[in-house]
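Just the one chain here, laid out as structure tokens, in the form predicted on its own.
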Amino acid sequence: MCQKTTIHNVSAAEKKVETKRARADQWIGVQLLGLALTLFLVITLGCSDGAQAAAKGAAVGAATATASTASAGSTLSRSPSSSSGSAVPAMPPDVQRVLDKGKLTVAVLGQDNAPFFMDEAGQMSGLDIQLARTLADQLGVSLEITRTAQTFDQVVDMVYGQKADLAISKISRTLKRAQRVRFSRPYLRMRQGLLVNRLQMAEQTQGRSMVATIRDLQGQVGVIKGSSYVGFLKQKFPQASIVEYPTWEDIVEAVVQGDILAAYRDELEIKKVVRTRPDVALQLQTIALTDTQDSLAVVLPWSSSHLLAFVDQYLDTLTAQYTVDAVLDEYADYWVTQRLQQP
């Protein structure tokens, strides 16, 4: 009996434990199910928010793209081709100024200087005028020539004061002028020369060689007032006395008459006297200085950097480079006509 009772009591206890264990497992199951549901909801809601964020991002991107397109359209509407808004210049400022005026203003000396510039019955012609016309044509504008300057330095001053877009007037490139204006590359290079009175030169030589006499040149030498040759003479012949004349013709006549020893200028002008005045050939002697050079160039304002590049590029395209003899030959008929017209 005691044994059976013991067995009965153990079985009841086991059932009680099993009941508790079943309830615990049931509670755990409920907890796990709740946790699973919670995770599912979190994941589901998270995906939904991500989708909504992606959709919202796409909408914002579309709106941004639309705004960018509208902005681009607005920018295009303010382009230089539009009549409204502040237009950006289509050209550099120095070139744009010429285009806006519709003309290229070129400063030229007031006195004729054949073959570079001369007025024939109200019509300007010559080497420099031809160059000015071509530059105006290349820019697509008309040519305006202003001749108020009475000296070569005044021509340079007009460009410096921006009273002209440029100057083409047989202007020599010098360091002094280059401090105030820009120069193009030379369009004609010449040597410097002397036109001397034979009698006075013979008196100076006195048994010395011509080279030695020229090296230590003394006496009165004529130059054009306000020209580069005033400075050239001081540098080349410091012992000579400078006499300034208003015109080259006045200087030549002074040499012919023996009033001064020599005239100092470029070789073209020296050779031109011999060609145009054969009657004075016995009284005059020409001397070309091989160790000197006079370069003629276009003068521009110091601020006109792009217009300078334009002029230089045009000069680079010239197939035939100018020389002194070529220029003299090209205008030989002009001087013959001038001689025939003289009384």
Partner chain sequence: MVTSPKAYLPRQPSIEWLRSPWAVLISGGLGVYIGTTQPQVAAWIAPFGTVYLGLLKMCVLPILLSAITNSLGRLMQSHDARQYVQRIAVVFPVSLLTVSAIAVAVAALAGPGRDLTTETLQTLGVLVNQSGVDLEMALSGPIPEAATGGVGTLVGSMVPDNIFAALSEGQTLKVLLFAIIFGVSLGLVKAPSTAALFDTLDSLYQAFNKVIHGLTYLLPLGLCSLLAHQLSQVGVEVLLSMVDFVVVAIATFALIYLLSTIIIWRRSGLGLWPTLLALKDPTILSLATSSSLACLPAAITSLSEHLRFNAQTTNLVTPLAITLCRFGSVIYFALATLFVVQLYQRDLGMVGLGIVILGSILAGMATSGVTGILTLTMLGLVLDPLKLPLEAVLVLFIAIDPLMDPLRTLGIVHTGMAATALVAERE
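Numbering follows the first chain given and starts at 1. Given the structure is predicted, the values throughout are model-derived calculations rather than measurements.
The next section is about a form of this same protein that is not shown, the form predicted together with its partner chain.
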The listed residue (Glu244, Asp250, Glu203, Asp137) that reaches within 4.5 Å of its partner chain in the model of the complex by any heavy atom is Glu203
Interface check vs its partner chain in the model of the complex: of Gln313, Thr286, Ser295, Ser303, the one with a heavy atom inside 4.5 Å is Thr286
Interface segment, criterion being heavy atoms within 4.5 Å of its partner chain in the model of the complex, picked from 193 to 201, 155 to 163, 177 to 185, 109 to 117 = 193 to 201
Any chance Val230 has a heavy atom within 4.5 Å of its partner chain in the model of the complex?
-> no
Would Met210 show up as a contact with its partner chain in the model of the complex if we use heavy atoms at 4.5 Å?
-> yes
Lys101: heavy atom within 4.5 Å of its partner chain in the model of the complex?
-> no
May I ask you to check whether Thr317 falls inside a 4.5 Å heavy atom distance of its partner chain in the model of the complex?
-> no
Does the trio Glu144, Arg147 and Leu268 actually contact its partner chain in the model of the complex, every residue with a heavy atom within 4.5 Å?
-> no
In the model of the complex, residues of 272 to 309 near its partner chain [heavy atom within 4.5 Å] | Val274, Arg275, Pro278, Asp279, Ala281, Leu282, Gln283, Gln285, Thr286, Ile287, Ala288, Leu289, Thr290, Asp291, Thr292
